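First structure 1, then structure 2: two forms of the same chain, each alone, as structure tokens.
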Structure 1
């Protein structure tokens, strides 16, 4: 029988302190208030003083409320019955379905031994050319979508969820607006993907401490499914809310802030989550796509900045396009030169981007009123074609078709030497109906 305590010594922010003995670090406790029950987690032990963060928040907690220690750290249920279900940040069902307790697993488990990892080699096709050609998504990759409020990042995430070649999807919503949550649900439902999805949903009106749990719950469940052989795609939105929640707790705990108030271990904390992405040899895999909104569109803000150093590339979503500059899939080299792709893949990828960079320069010159040389005219034409036929997010074609389209755009705008392509590729792929 676990001990029950009835005397809360202090309440500060969402952190309460009790006097207790024989309590483990990161152990869970259950607090019963007049509003109901809430979980709390031990975040500091100091002699017999135990500090806990209360998942449902400390509002309405009175000093004589009952604190009962559970003797185990945070756990989450795991079973096949979870598919199609929606849970909250504490792991309880938030749909009308029954409570599941088939098998309880610990969250935030140990990290994978790097010696057991394998080189990612499998491309996840999404039929979005800006991803498939220019920044291929690869099994076991962790990629953020850097964006700002108002951009259609959740729509993009939902489209990837629908079109990506994976076995199942786990969606972790962190401080998501309620209507965004409903939109996700209806898109996946209409696309017939709900039955292979699990939601862990913390909306903006739910307790903030619970939002801290969402990535851990999502990834712990994903890990179990991956070990069972499933290719799991974990979608997290929005990780900036997660970091902000961490900041709130850290400041309450009087930790020395490092950069703009964020705790010094922001990098390690984010990495602990993102590094769960893995391809298990002989089993399944976890691929992570996470939205990170950039406050003030500033990529040097601590959250996107630390994220960028952890993840294997990033997609920038600007003005409704996946920005060809800055967007990067670090693992694309693993797949774009291999058998799963075509040999002109890399050349098209680099060549078209270099030309697009020149187009941007020309566009700047043009807006300043300079006379356009014939080369500038070609670049301008190219830029327009590239935008409308490649970057447009509604383009939904397989990789091979997209590559052919790339050559066609080049041939429509340039002579073959102007493209800087290697001669052997030009001989093989240059469209004969081009100029």
Structure 2
């Protein structure tokens, strides 16, 4: 039987407080106002005092309104009918399609038992050389994209959504501008990938509590599809907006703030989402790729700082490129040179990055007016080729073609001896028009 209360003790921002018993943390409630019904969620329990965050905001809510507890936490529908659909941060249709209620599942459940996970060993190809060659994305990996405002991180996510070799995409937008949301929709629609995608979209004008729900909704649905045997790639943008929503609610609740005003459980809250990444034995997988914007390009900011302790590396987007030095995939050694790629993969990755590091040093020497040797000139030529043909995010080629292109860049700039590649690899892969 649903518990009904007709007296709200206080209204503070979008948080209301009632006196109630036998209520669970994160339980949903329905508030009946003169405007209609609105959902709220329990966010704090203090004895019999229950604080609820109102999804649509507390405007129009009065102390005499009826609060009806539903007896269960947030739920979301789950079925194949979700493919190609767009939902908001409360799980309601945003695309004017029919409401789905085929099978309701609870969100924000526990992470998978580590004993049930298998060691990641399969690459997810994206046709982006800076990922596929230099920082391979691995099935069941959890990786953030560290970036700053103005960088093309959403464009990068859209390309990955279009090109990643997975069964389905779940895209969670947190606090997006409306035009960013529409850009995702149009790119995937025009690219023919919308039919294998599910969107959970919260825009900046939507209730802030819904931005907290987007990762949980996305990951709950992903887990169900993964258990059915699907390889699911979950793309989230932006987890800093998620953390800022937590911060705003914590301030409203007058919680004691931690670093820069964020709640003290920021690490646990982020980890609870990222640890949903898993490769199920005998079933499918969940891979998580999430944008984390860094205010002021400060990697020590609490959100990227905590994220770095949880995830298995990061893609660092800098000046429109995936930075070859700031980026790291700690699981790439699981797939480089394995059945997922080619035997020259690791040699090309290591050799080209070493030469690019030398190019950076030479570029600094040139900018300070030092005389350039013939070797310096070769490095300068190589650096420009590497940037335009590998680092440029518009480059869209399969892994094998990218590896061949790597050999061609080396052959255009150096002799085979200067690359210090192994003789057997040079004999097999060095271009016939090389030096």
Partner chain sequence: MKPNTGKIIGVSGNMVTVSVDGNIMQNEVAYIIKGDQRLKSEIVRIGDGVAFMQVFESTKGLNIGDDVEFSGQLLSVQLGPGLLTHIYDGLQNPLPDLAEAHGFFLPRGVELKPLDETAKWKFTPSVKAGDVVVAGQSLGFVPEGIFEHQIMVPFDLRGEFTVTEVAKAGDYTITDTIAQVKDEKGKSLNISMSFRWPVKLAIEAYKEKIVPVDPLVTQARIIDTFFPVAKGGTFCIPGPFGAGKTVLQHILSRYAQVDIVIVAACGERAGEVVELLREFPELEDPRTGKTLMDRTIIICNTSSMPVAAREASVYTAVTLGEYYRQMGLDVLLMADSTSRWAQAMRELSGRLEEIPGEEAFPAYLESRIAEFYERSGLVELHDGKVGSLTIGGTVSPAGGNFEEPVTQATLKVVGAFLGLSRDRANARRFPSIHPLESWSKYPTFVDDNEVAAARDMLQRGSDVGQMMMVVGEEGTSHEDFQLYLKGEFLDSVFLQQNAFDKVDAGSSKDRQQYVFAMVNRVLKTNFQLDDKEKARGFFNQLRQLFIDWNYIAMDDAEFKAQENSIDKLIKENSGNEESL
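Residue numbers count along the first chain shown, from 1. Note that the structure is predicted; figures quoted are calculated from it, not measured. In this text, the rigid core denotes the largest set of C-alpha atoms whose superposition between the two forms falls within 1.5 Å.
Chemist: Among the two displayed forms of the chain, which is the form predicted alone?
Modeler: The chain shown second - structure 2 - is the form that fits the description.
Chemist: Once you line up the core, how about residue 403: does its CA shift reach 2 Å between structure 1 and structure 2?
Modeler: Yes; that C-alpha moves by at least 2 Å between structure 1 and structure 2.
Chemist: Determine, after fitting the two forms on their core, whether residue 203 shows a C-alpha shift of 2 Å or more between structure 1 and structure 2.
Modeler: Shift at residue 203: below 2 Å after core fit.
Chemist: After superposition on the rigid core, does the Cα atom of residue 9 shift by at least 2 Å between structure 1 and structure 2?
Modeler: Comparing the forms between structure 1 and structure 2, which are aligned on their rigid core, residue 9 does not shift its C-alpha by 2 Å or more.
Chemist: What is the C-alpha shift for residue 419 between structure 1 and structure 2, rigid core superposed, to one decimal in Å?
Modeler: Its alpha carbon moves by 4.5 Å.
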